[in-house]
Ligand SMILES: Cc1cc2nc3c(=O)[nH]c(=O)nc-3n(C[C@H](O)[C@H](O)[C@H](O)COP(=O)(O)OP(=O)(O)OC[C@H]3O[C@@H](n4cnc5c(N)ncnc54)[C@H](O)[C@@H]3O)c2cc1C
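Shown here is one chain on its own, the form predicted alone, set out as structure tokens.
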Amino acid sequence: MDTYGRLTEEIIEELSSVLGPGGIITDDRDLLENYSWDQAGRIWGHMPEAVVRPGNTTQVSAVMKIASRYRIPVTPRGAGSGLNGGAVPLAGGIVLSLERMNAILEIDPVNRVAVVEPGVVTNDLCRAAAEKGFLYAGYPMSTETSYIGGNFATNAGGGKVVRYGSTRRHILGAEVVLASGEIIELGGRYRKDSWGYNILQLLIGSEGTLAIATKLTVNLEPKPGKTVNLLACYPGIEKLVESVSKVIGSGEKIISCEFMDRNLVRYTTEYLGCRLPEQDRSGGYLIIQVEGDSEEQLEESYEKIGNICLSCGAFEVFVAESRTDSAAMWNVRQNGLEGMRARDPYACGSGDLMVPLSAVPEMLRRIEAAGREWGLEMGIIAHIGDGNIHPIPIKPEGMTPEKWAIYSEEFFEALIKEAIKLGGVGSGEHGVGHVKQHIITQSKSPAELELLRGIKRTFDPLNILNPGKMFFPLGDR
């Protein structure tokens, strides 16, 4: 059982001297509460004793040295946009917020990289890269709210994964602070190496349990050529999912292939005050973004993709003829969770299931069957081109929020077991946090768990970095 130190006045004074004015919050309960929960919901939250807001790597290092000396637990935090309680300070102690470390330090066109601090909002990096003629392609759908550091921590993905891959593919280097306070440099401005164990790749997706990233070197892609967005309307899901593998395997340059079901579109368009074409008839939609090197090639590509969709049961395929048309359809997709939560503030978006593309039709059938069995209405969105499915169930009328928090996670546990049976995993991008902890530990073999816990012991022997997350319940290492 881990025994942690408490923050005394002396320790708080020591932290304050390191961080300077405004660098620490200890006595404002309302402010502290803002850092006690993430988008998993307040019911999963836990109050910190203090919040520290360092402005540079040296201050992060100093905080960790103090925390290590007195064995104070530290929970790193980005934007708090996570959905599985990864930024919740389960053991109390210190929340280390990276919000002040928000500078884009460099756009390097020669090496085709950007160097950023972890508190940079993802969309700010996307805009800065675009101004220099590049694309940052590793972003999730929460591009307007998430931080680059949070994307690093969860290996976030998004609508362009089918073409460009997830965050892991786009992190080339990192400066990180260990639990001891030591600073190390990993990777660099190069794209391959065979130079020992790749610690950088181990840290990507580790949810702040092994180290804290304080500077990241990210890959930039050339801007895509000419693109167009298609909106394919289907009477139901069965026909729709048959299209996906044919679209992806068409040989055309597919940048995105996204799915929205009827319920999600209905509630999200009500929330946004808009409508999609054929909304009353459609049981589901595909948004497909196609790239071409010329107008002629682009037209040939989207006609081919449109015909594939029609041959697989789509009753209409619309081609966005302007940026306004494209923005309208993507706005519904990007605001899907918000739309469902406008219908029900307790709508649960914590679960994202990952299965092989070939298993998507069966997984969607199992999700719908489970929804009926559990008596749940839901909406579904998906990065369907790479097999990442997001069911969003709504709290049944009359169920208390406390009961719903447990019931919804039991429902996701049932779905995750089905995803694993189909050769998948319990999350493609949302991560584990502490909400999904009991599920992931059931899915791993004893031998693998021992290896994972050994890694944690090596990086963090005092178990002070984000304790109680992923494979490590509080007091169990």
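None of the values given here were measured: they were computed from a predicted structure. Counting begins at 1, following the sequence as shown.
A second form of this protein, the form predicted together with the named molecule, is not displayed here; the remarks below concern that form.
A.B. asks: Taking the shortest heavy atom distance, is residue 153 within 4.5 Å of the named molecule in the predicted bound form?
C.D. replies: Looking in the predicted bound form, residue contacts with the named molecule include residue 153, since a heavy atom lies within 4.5 Å.
A.B. asks: Against the named molecule in the predicted bound form, would residue 436 count as a contact residue? Criterion: heavy atoms within 4.5 Å.
C.D. replies: Taking the distances in the predicted bound form, the answer for residue 436 is no, it never comes within 4.5 Å of the named molecule.
A.B. asks: With the partner left out of view, is residue 243 within 4.5 angstroms of the named molecule in the predicted bound form by any non-hydrogen atom?
C.D. replies: No, no contact at 4.5 Å.
A.B. asks: Residue 261: heavy atom within 4.5 Å of the named molecule in the predicted bound form?
C.D. replies: Taking the distances in the predicted bound form, the answer for residue 261 is no, it never comes within 4.5 Å of the named molecule.
A.B. asks: Please state whether all three residues 65, 93 and 178 have a non-hydrogen atom within 4.5 angstroms of the named molecule in the predicted bound form.
C.D. replies: No, none of 65, 93 and 178 comes within 4.5 Å of the named molecule in the predicted bound form.
A.B. asks: Among the candidate residues 140, 391, 73, 387, which is the single one with a non-hydrogen atom no more than 4.5 Å from the named molecule in the predicted bound form?
C.D. replies: Contact residue from the list: 140.
A.B. asks: Exactly one of 284, 157, 351, 379 has a non-hydrogen atom within 4.5 Å of the named molecule in the predicted bound form; which residue is it?
C.D. replies: By the 4.5 Å heavy-atom cutoff, the listed residue in contact is 157.
A.B. asks: The named molecule isn't shown here, but in the predicted bound form, which of 303 to 311, 290 to 298, 274 to 282, 83 to 91 has heavy atoms within 4.5 Å of it?
C.D. replies: After filtering at 4.5 Å, what remains is 83 to 91.
A.B. asks: For 413 to 442: residues with a non-hydrogen atom within 4.5 angstroms of the named molecule in the predicted bound form?
C.D. replies: 429, 430, in sequence order.
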